[in-house]
Ligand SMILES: Cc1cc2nc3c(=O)[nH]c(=O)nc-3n(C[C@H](O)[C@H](O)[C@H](O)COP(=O)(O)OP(=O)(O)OC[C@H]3O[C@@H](n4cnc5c(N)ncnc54)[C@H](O)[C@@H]3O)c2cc1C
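We begin with a single chain expressed as structure tokens, specifically the form predicted alone.
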Amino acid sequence: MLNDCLRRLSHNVKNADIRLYEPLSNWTTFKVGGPADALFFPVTEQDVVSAINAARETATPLTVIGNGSNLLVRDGGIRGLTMCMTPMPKKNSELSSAHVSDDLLVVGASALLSKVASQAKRASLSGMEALSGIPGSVGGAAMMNAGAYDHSMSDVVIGVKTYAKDGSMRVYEDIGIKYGYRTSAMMHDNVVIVQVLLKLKRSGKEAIAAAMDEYTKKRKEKQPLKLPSAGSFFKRPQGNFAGALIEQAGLKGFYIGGAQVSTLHAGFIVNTGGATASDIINLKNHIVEQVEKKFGVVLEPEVKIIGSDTRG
């Protein structure tokens, strides 16, 4: 099944970058996770289509990940074919390009938010400042409506080009994207994003740079950027803040194995060194249990948890 899939994929993709049993700890910001049976790095839209088709035709499970910044991969890794939408060093990738047209940015799904925000600044386009510090890809951010400091991707995304798991192309526009808090129509439809259209606003470079600097300062002061994490681990509960509830539950600094509730911001779970995915999941479960017990609020993970507990 997988071998047949890889043969078809290698035949259709020139210089295919496919890595067998690649540890996903190398490709997530948490720095944990077991191996992918096969990890594929597409550089063109056609590469994505080829992977989708090869997986479908051989009944091979297909998992798609972005830059690994809002992701926890279990210790057993991922079976089948995993497609990693992240910019590859020294490769001219169609999927990580960004082109300016008036007040629009046409961006490949693999482009990093930080680089797109910098390009927008150079073009005197405002709208990406608050999002510039999120260490994710544009595709992943558009998929889950990532956000920070009361700004989100839904503020700037007006179109998304995707492919369904049957290989058909589907374009989402405006209200059809159905953005909500950390959700979208694309997420529910289980499609693969290849391109995102952003609508920004004209502004002065100095004002844009000043805003980006201010957001960067806030992050450095309030977030545990020196330790591996996946950002805010839990969604914001209605009328409250996950970090505040966790801290009030007396869990700031609490740890299981190498996983710890950050001493700087209780909304973050950090890898203090040598953590396993199981450590993080067990800590997550403990936090949810304690917060519900003390406040009657059930915290929901914002971080996506995928993969198998064992290699099996």
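Just so we're clear, the structure is a prediction, and the values are computed from it rather than from any experiment. Residue indices: 1-based, along the sequence shown.
The protein also exists as the form predicted in complex with the ligand; that form is not presented, and the subsequent description refers to it.
In terms of contact with the ligand in the predicted bound form, the residue from 262, 58, 29, 276 that brings a heavy atom within 4.5 Å is 29. With the partner removed from view, the residue among 242, 208, 117, 146 that has a non-hydrogen atom within 4.5 Å of the ligand in the predicted bound form turns out to be 146.
A residue is said to contact a partner when one of its heavy atoms sits within 4.5 Å of a partner heavy atom; residue 178 fails this definition for the ligand in the predicted bound form, lying far away. Put simply, residue 68 is close to the ligand in the predicted bound form: some heavy atom of it is within 4.5 Å. The closest heavy atom approach of residue 19 to the ligand in the predicted bound form falls outside 4.5 Å. For the chain shown alone, residue 54 is not a contact residue for the ligand in the predicted bound form, no non-hydrogen atom being within 4.5 angstroms. Note on the interface: of 209 to 217, 191 to 199, 117 to 125, 168 to 176, the segment with non-hydrogen atoms within 4.5 angstroms of the ligand in the predicted bound form is 191 to 199.
Heavy atoms of no residue among 2, 43 and 79 are located within 4.5 Å of the ligand in the predicted bound form. Residues from 118 to 152 that approach the ligand in the predicted bound form with a non-hydrogen atom closer than or equal to 4.5 Å are 134, 135, 136, 137, 139, 140, 141, 143, 144, 146, 147, 148, in the order they occur in the chain.
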